[in-house]
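In the form predicted on its own, a lone chain appears below as structure tokens.
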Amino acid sequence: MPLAIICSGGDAPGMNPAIKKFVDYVYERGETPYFIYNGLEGMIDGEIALAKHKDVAGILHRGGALIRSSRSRRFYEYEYRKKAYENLGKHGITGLVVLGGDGSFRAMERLSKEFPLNFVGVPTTIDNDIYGTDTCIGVDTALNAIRDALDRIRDTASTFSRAFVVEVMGRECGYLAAVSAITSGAEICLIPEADFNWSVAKEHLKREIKDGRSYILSIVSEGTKKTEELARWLEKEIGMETRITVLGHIQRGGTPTVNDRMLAFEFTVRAVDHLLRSSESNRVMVVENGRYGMKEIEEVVQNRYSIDPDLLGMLNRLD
């Protein structure tokens, strides 16, 4: 049975381990693996090729994605979805492993409703904003990249007695910011999911500065759009020289951590097993409380991910 793997949307560390495991495991099961290059755009343009062991040799440690990724406006139009399906048919492909996030899963859900296609979504996004799973491929590596940057920035902040505002990714999900703030000992954290009490923070920081605090580390989730506002507030209300650092795409790259590699292996093997044993389509791999499972695509895309309340509670105890 020919099976294909595709990356869609933003890249995340751990894609290459998933790609390698896909090729190795599909061959182990006696089936034929295919690559779809350049995401949904590549599916439309017929960039589909047989995958071989030599293609994935030595890629476990590499960030990014061997087969590349893309976002596609053309995929919103039926004629291009039809073309994409026909390209799969030329290779006899009826089963897909999809490495991506919410938008990718919605796109594949639509395609599978219009044509006889079976797919399993593998949550792969540093934003960690997929409903039903505790974590996604790429999250752990991104958190470690942020941790390293924050540790370095704190060195400078403490040396020059400055305030630093560090913006991290996450779109509308504040998971990366929340966990990074807690584990770095940040004094301030702004995320979309929680209101920030400016007056209480001002009183608290003023008191600490009076008692000897000489620097401030602040983490802001990009979804709040309050990075510059916070910097101005620190300058004006707290009276501390302030610098802004936007970490940007360094959070998406780098060598995948052990945790992300293991997660990629587990998700991919289970996704392939499902495709080979079942004709039921539209499933998404998840892990909840350490247990692996699958959810219906409708449940995943129709619900919104929310941060664990216990994690939000820990933000109130930043010091």
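Since this is a predicted model, take the numbers as computed values, not measurements. All residue numbers are counted from 1 along the displayed sequence.
From this point on, the text means the form predicted together with a small molecule, which you will not see here.
With the small molecule omitted here, the record of contacts in the model of the complex names 246 to 254 of 287 to 295, 22 to 30, 246 to 254, 39 to 47, defined by a heavy atom within 4.5 Å. Scanning Ser218, Thr125, Thr141, Ser221 against the small molecule in the model of the complex with a 4.5 Å heavy atom cut-off leaves one residue, Thr125. Only one of the listed residues (Arg171, Arg147, His91, Lys83) places a non-hydrogen atom within 4.5 angstroms of the small molecule in the model of the complex, and that residue is Arg171. Interface membership of Arg71, defined by any non-hydrogen atom within 4.5 Å of the small molecule in the model of the complex, is confirmed.
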